[in-house]
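The chain that follows stands alone, in the form predicted alone, written as structure tokens.
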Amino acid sequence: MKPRDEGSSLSGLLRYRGQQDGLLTRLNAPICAVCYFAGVAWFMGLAFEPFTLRTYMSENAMGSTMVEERFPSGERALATGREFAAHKKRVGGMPVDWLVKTMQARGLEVFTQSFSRTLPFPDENKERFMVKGTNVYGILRAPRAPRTEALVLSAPCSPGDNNNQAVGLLLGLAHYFRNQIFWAKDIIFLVNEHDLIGMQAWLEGYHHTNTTGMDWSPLQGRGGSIQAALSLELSSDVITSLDIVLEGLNGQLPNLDLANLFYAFCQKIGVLCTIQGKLQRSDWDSVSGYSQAVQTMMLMVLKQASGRPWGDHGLFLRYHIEAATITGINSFRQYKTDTTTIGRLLEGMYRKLNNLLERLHQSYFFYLMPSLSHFVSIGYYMPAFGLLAVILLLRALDLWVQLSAPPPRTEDGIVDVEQSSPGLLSVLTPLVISHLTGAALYMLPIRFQDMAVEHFPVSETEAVVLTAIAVYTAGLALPHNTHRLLSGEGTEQGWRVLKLVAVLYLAVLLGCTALINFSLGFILALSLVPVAAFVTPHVPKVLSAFVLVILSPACTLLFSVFFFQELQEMPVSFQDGWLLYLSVISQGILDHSLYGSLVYPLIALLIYPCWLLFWNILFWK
């Protein structure tokens, strides 16, 4: 009886496992659909006030704004800005000699840095191929400290009439700060040429690194370790509000306390403040209030997902320096803020940063902001991504169950060939070919630009973008038949093994991306998870191919461009949007070459090949 009991127990266990596997297979699709819509709903609910946290100051040294700001020289700063503009116009660029003399007259230790950078292809927006320039910076030494720490205030020297007022205010603050005796940190006043390129040269020179291959002269003067930095952008004598820009390179954000400090002083001094150009609203419980919170949060998500620095501050974050850009806006006509008030606000912020005993670290580094008074922490927004990611794990588990089942046999007792185990070559070949296509997408656009310009009537920038589009499109025709050429017709088990590998591969890719840049990972998950969930060789080919193309990385970027313009309340026609889309592609490739942005290599070398695997599965038979 004992052997019979053991046999019955084993058969019962197998029946129970079969029932569980059958239940998992039957309910897999409904559960995945529920998870997807729940993830989207969770994310949209993040902007609703009950699900957000009110901002608060975590750093004790900056907890109180009881600082008396006395900056008096707003009009003088504007006059200095007009003088700077006149000298800039006369020399046709950065007035280096005038800046050096002006900073020296204000009691600063003044130094210059020359730099040059050959772009991989011309910058279409500014029509330049070779960039040469000079940075000018002055150091105000801390009178009562060992000079081991520093703060930075920068203002880019922009072409035309842009940002002249910011340089004037920077020089006015330098003159005012020079007469104060309470500074415990060096304060560096930097005027950088060519915006981000100049800032990159200065930061590399300051930290003795060269990660981008730029040529720059060594810095002759240095301060202490930089604790925080602000970049100032003012292009009008009349400012109605101040906007804070937080998004940096590869989606990095400064410590939330820096944004809290800006908001606290705006509230104290009575300055109208915005984020993403959106005003604060008090009616959070209304439909319009919630709509604006969603728009503000989505603008931040799209900017962060782009991976590009949205201000000169964005490059400081690479060196673990908390930084933000403060931009003057002149669009809310019923308000007006004079330059003296802006100077007082910056004075208060720097006096608070001067009190820091250690780097900003107590508040959040991962957050989203539907407004300046509310934020969403990583613990609240990560479940939205988790609900999408669990779909991939459910599909992988379902495929594993199907592959674990014994292959059916024919009436003669012979194993069905279609259900037999696939050969390694039939699965490995699409993997290799897809990644070779991705490598071509990454390397060929810049390498083939000269050949394209020689044979077609296009500029270098157009050649790079059109080559990238051509390689991307050609990839649709290459991989999905390759395995047949090497190992014959694909088996039924073969596409399941390939999809299992692709689904797990995508889960790891999206998970790692979301940990570094949540916004990019979430947007990619929104488009790629449905592809991974539904694609099989047995769905209607034409309709499924259309859906796959619509949800591909390139089309996701196209839709994001139009959506971004809508959120900014600057809708564009399809033709203008297409040109903007091409410009975004060229800028993404350029940002990777100049500053080390990771979005383009991530899409080209990993995400696109992974999507090609699903395209390959659709055309398996």
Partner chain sequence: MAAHRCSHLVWLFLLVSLSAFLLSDSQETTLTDDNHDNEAENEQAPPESAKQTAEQPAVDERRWEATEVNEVIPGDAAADKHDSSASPTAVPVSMPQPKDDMQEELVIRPLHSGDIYASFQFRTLWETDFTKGKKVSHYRLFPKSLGQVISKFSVRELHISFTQGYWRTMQWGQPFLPSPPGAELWVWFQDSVTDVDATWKELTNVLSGIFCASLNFIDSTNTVQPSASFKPLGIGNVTDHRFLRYATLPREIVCTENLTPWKKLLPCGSKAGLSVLLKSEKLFHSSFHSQAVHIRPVCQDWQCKTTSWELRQTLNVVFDLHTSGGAKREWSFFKMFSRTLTEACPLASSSKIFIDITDNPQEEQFELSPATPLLSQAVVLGDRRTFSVYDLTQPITFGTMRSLNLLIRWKSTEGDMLRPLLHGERYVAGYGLQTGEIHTLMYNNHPFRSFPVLLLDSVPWYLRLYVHTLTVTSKGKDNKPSYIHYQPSKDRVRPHLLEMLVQLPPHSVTEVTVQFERALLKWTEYTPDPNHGFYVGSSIISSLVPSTVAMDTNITQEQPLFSSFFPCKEESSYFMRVYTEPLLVNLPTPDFSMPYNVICLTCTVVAVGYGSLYNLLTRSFQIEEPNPGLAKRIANIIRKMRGVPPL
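Predicted model only: the values in this text are computed from it and were never measured. Positions refer to the first chain, counted from 1.
What follows is about the form predicted together with the partner chain, which we do not show.
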Check each of 76, 318, 496, 278 and return the one that places a heavy atom within 4.5 angstroms of the partner chain in the model of the complex.
318
Option touching the partner chain, based on a heavy atom within 4.5 Å in the model of the complex, out of 207, 89, 132, 541:
207
So if I measure heavy atom distances to the partner chain in the model of the complex, which of the stretches 179-187, 434-442, 374-382, 393-401 falls within 4.5 Å?
179-187
So in the model of the complex, is the partner chain close enough to residue 144 to count as touching (4.5 Å, heavy atoms)?
yes
Given that the partner is absent here, does residue 107 sit within 4.5 Å of the partner chain in the model of the complex, heavy atoms only?
yes
Residue contact check: residue 116 to the partner chain in the model of the complex, 4.5 Å heavy atom:
no
With the partner left out of view, is residue 217 within 4.5 angstroms of the partner chain in the model of the complex by any non-hydrogen atom?
no
Enumerate the residues of 356-386 that have a non-hydrogen atom within 4.5 Å of the partner chain in the model of the complex, in sequence order, or give none.
357, 358, 359, 361
